[in-house]
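Structure 1 and structure 2 below are two forms of the same protein chain, each written out on its own as structure tokens.
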Structure 1
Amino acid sequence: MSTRGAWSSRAGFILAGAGSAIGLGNIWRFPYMTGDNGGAVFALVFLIFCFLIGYPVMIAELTLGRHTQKNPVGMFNSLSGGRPLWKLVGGLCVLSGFIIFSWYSVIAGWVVGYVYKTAVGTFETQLSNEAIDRIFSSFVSNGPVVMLLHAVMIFMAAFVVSGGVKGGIEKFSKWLMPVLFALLILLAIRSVTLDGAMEGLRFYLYPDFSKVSGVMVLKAMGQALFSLSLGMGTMITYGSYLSKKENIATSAAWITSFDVLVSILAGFVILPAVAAMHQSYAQGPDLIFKVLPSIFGSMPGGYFFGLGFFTLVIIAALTSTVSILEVPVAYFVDERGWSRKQAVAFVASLAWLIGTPAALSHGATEFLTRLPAIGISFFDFISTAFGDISLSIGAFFIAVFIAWIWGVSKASNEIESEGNSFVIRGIWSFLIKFVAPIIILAVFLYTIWTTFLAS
């Protein structure tokens, strides 16, 4: 254990785990998904599924990691007796973490660029929607710039991970997570006190149950999985550094709660501001890059709001990229015997190369902007294949493995080691055996249908 690293404190682990779960899924994806899917009712369903599905799967990942003290490949290999199927699942977790790291850092690089644009006053005056569109399109299609920013985010994550578990990831999380929460709260207060914000608060806080549909529920389920970063082995890897004295169920509850809290606060930051500035909630993924910059110029104190907001998004993105990078790094350290610095240098360099096509797929290279076979950009393809589909596959097999292969009895005994309480043992066993696999499978099939099969 000591050669791999370990968390020095419970608080350090919880903050690092929360940093792993909290990222662009909370601050970028959750607000626009809420805006696109009915407001408060979507947020309510999302909240339910975070605790009904996300929390049980998080307990499962942490338990598997702590029991074996291995990365996903080593864990599945150890507990399955080396059966090929489970080795493949472990490999998929590591591959998913690697690929997601390579394209996730592209979006994070955009945010770095927008911090600079905001700081130099690009959005200080009110701009038309057409002008905002031109700024964004020109920026993301500038190949050298986005590749450089992509490299900046990878370097920052690599710098933290190279410091190890205690001296790098934990130390970094203890400093940045309080800053993230402080910024969120300040920005939320500013947003809800804008003239006209009440309409946005009504949209966000009062559920309209007439907007409930099967599609909306499936999207909320998918957002819960995406938000908590489950299915790619981050929590298995983080769990492998846990002491037997740690109460897994309690720690997982704290991490899930922090993740949900950040998502809800991000909604308070963005949706009231959108309403106050008479913009549409249903803006999709462009919300923070096109709609919010148009708001900053007309909002009192908009310069500081914009600067604070994009700084907040960078912090959230960085805490996530650190945890995602740790998954393939742990694989090379555990399974290949590499030093941590050697593994970090190799994975980070390769991720920059693999992520380059994603960085160039927004106008810099025509072929990558619209792939001939499927009609979407390389970026969107990677995002769907690994950000949605592979996470669903990973989470599904993790739930099935701990419930039906290794067994909930052994898992519960691991959770209760060193006298730790597990008061929800019966409820968790039922959820992880029956509810979680069925719902995750439904999300997977819905994603496949809407992405590749629906006309």
Structure 2
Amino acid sequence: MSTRGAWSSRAGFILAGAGSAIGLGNIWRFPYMTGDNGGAVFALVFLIFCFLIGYPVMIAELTLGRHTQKNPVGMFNSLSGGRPLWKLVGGLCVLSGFIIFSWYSVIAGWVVGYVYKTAVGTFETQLSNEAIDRIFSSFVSNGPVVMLLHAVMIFMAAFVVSGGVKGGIEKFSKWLMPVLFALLILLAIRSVTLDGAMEGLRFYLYPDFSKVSGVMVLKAMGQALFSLSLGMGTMITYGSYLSKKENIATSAAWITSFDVLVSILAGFVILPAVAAMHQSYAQGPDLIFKVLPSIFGSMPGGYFFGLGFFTLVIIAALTSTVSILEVPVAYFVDERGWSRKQAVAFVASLAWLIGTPAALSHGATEFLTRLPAIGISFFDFISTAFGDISLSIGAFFIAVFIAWIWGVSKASNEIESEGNSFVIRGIWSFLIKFVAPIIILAVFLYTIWTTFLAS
């Protein structure tokens, strides 16, 4: 009998996949990236990329994982016959997993801090923007506290992942996502009915095409992949626990749709409120932490909504962190023969260390808050390098690999195994062979051109 573990049912898999996809990427990163990058036009480009690149790449990752029953490194190795380029790409996947895990859990740690603040009544009344700013800044610049909360999140993810697939990950994903969804709808209603929210809705819904730039398009692409957990082998690893009975194309369609819906909803929660509160859209990673307290402060029962919401965001973040952690862990277990517990302990401790500079780059350490030469925080640097660029590179190679090295006909056979239908076979083949890789390449060239050459 295989010791790899498996998902217990189809719904279990879709929920776990959606649990991986839906997380801070939707609730925290999407609204602030939209705010930073021109509003509606960013959201529009993001949406297009989710379906043109994200969906086909998700099918690709799940198929490669299920066929080989391996982590990304093992998968590339076995299907390419050990060619060095593909070893490198597998290595990049594991590295991205490590680094993203390390900074993602910093933000999840902030949310833990905000649960505490909400619980003790900090946001019970409507505070001024200045007061909310002050609370946030003194919190995130408190080195020992953010490092401790970072450790708490890493510990929780490590605990779930060391429990194995069925017992751990699935249980967490099953029940709480629908509740989070309902809460988001309520909060969106509150937000769009605030005085002055219209201006924010306009910002979110009417694209201003003069805001299009190379960096903006690159970030929209990175965000699409980040949000759908693609480009670093998470879905390869999750696919390796998937049974042949499941219809990959349908499962991927559900996961993609749920995920996109949650991001769009989160935009409706945050951006109208930004306008109503006369704040700036472009506040980077701080945005939701400065807007949500105002929303809770301005609604009846805000204390309970706030508490419930931040708690659910932690759970959503946890189901994503476990999927990120799963990539390096599966690598050490499958390729290096470590025990699961050993691998988790090693990856988690190292990630805590690697994540520490990201945790300290919001005011705790001047140097990390504004890196010399590039002028952005260490956190923003790592987020662009590993959240956007490395995932795009990963997705490019995954698409090229399945389409041109392994071949779409073998992939389609895997997808159609046990009589599963694959009605979009032709469309998928076209998207994965041409559209996805060419767009990714074009976006890189366009970014390099507009950023460095055309000035």
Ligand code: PFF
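What you see is a predicted model; the values in this text were computed from it and never measured. Note that the rigid core is defined as the largest set of C-alphas that superpose within 1.5 Å between two forms. Here, residue number means position along structure 1's sequence, counting from 1.
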query: Any idea which of the pair is the form predicted together with 4-fluoro-L-phenylalanine?
result: 2
- prompt: Gly38: with the rigid core matched between the two structures, does its Cα shift 2 Å or more?
  reply: yes
field: C-alpha of Gly113 moved at least 2 Å between the two structures on rigid core
entry: no
- prompt: After the core is matched up, is the C-alpha of Val274 off by 2 Å or more between the two structures?
  reply: yes
- prompt: What is the magnitude, in angstrom, of the C-alpha shift at Thr447 between the two structures when the rigid core serves as the superposition reference?
  reply: 5.7
